[in-house]
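Given as structure tokens, the chain that follows is alone and in the form predicted alone.
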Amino acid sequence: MKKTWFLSVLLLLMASAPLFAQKPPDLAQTPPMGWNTWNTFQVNIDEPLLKGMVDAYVSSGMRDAGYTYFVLDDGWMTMERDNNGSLVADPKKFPNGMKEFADYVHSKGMKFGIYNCAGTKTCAGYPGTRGYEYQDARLYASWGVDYLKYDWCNTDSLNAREAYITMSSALKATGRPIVFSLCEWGNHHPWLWAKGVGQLYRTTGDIYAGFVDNKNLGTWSALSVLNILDKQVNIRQYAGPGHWNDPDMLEVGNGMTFNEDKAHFSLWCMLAAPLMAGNDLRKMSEQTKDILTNKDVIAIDQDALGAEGFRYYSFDGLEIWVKPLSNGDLAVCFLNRSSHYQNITYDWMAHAIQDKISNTNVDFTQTTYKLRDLWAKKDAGTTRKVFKEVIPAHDVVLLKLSKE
């Protein structure tokens, strides 16, 4: 009788085990896409403004183009924690509370993201998370947060790796799948240790809407698109599904020229970078909308292989970037960094492409590829013919190469 009872209990436990030991979902298998409040609004945010932005997110076609996350950056909370040590959404900015706002985002078919900092205070001086990691994580989970951007201000002598591991553990302990964005600015080389800690990790300081030159802000410099691009060259081997190098948010629509915006977006897609827009979605020009919602270009970024592109050629302001894609396809981006037009005359047959990181080996004398110009939205011949094009200053030609 005892043996029969024991066997019955054992079988019951085995049958119910999946309910108690389900594998957590694999997050960010392609680079996360979304929108963040900071680049346009900084801390000047409130519920009516942001609900209007959520609505514009949908009506503009951003959501349908693949953008998923709506992320509140710094400035959403009160200046002090409550008597229980909990963070409080600023009641003047969010009179209905953060849970209600998160529900509104979710009701529109998107996911909700929020911001805090590993230090004692955020970069804008609001309460940081140091010493409150598990309490804050539980609060975020109760609100329905799907994404946490975690900054690095006011951290004093904190060990970066340990600080981010602590917050990562706190998020995982909630049982809610929350994408973890490490915003540590690359000072402690997170690409070497952040895989498994978070899903994306900043590789540089902050970007601004400048293409060539950095912007001196006194105690620090905001970085240009090209400066950030150059810092990605030697770390591409550390990116892949579920762990992405993050060269910071997009500045498309924030003051650069149309050519520069197009180049910026193309290069971030070649880098398999997270695509976090930061423009005013309510006031997008048609040009800005066309850039941010070009599904063929987005598909380069979101390619399932997850390979980050590499600089294949560089001479006199002209560069060629190559991104291996799934199914043996390639993306090739011709970048004109210079301030004048550049003529391209490129003989595919004279150049093989080899990449040990993705195990890509292409010999154009043996395999012919069809060319598709992703911005002109037209076919551009094949690799059997010399490719000729004129590229304006600070612009790109972006091609997808598919086997015939």
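Given the structure is predicted, the values throughout are model-derived calculations rather than measurements. From 1 onward, residues are counted along the sequence shown.
Another form, the form predicted in complex with a small molecule, is not on view; read the next lines as being about it.
The shortest heavy atom separation between residue 124 and the small molecule in the predicted complex is within 4.5 Å. When the small molecule is considered in the predicted complex, residue 249 lines it closely, a heavy atom lying within 4.5 Å. Under a 4.5 angstroms non-hydrogen atom cutoff, the small molecule in the predicted complex has residue 185 among its neighbouring residues. Among residues of the shown chain, residue 146 is not one whose heavy atoms approach the small molecule to within 4.5 Å in the predicted complex. By the 4.5 Å heavy atom rule, the three marked residues 319, 334 and 395 all fail to count as contacting the small molecule in the predicted complex. With the small molecule left out of view, the stretch that reaches within 4.5 Å of it through heavy atoms in the predicted complex is, among 277-285, 234-242, 303-311, 147-155, 147-155.
For the residues 90, 260, 74, 329, the 4.5 Å heavy atom test against the small molecule in the predicted complex is passed only by 74. Proximity to the small molecule in the predicted complex, taken as a non-hydrogen atom within 4.5 angstroms, holds for one residue of 101, 140, 115, 268, which is 115.
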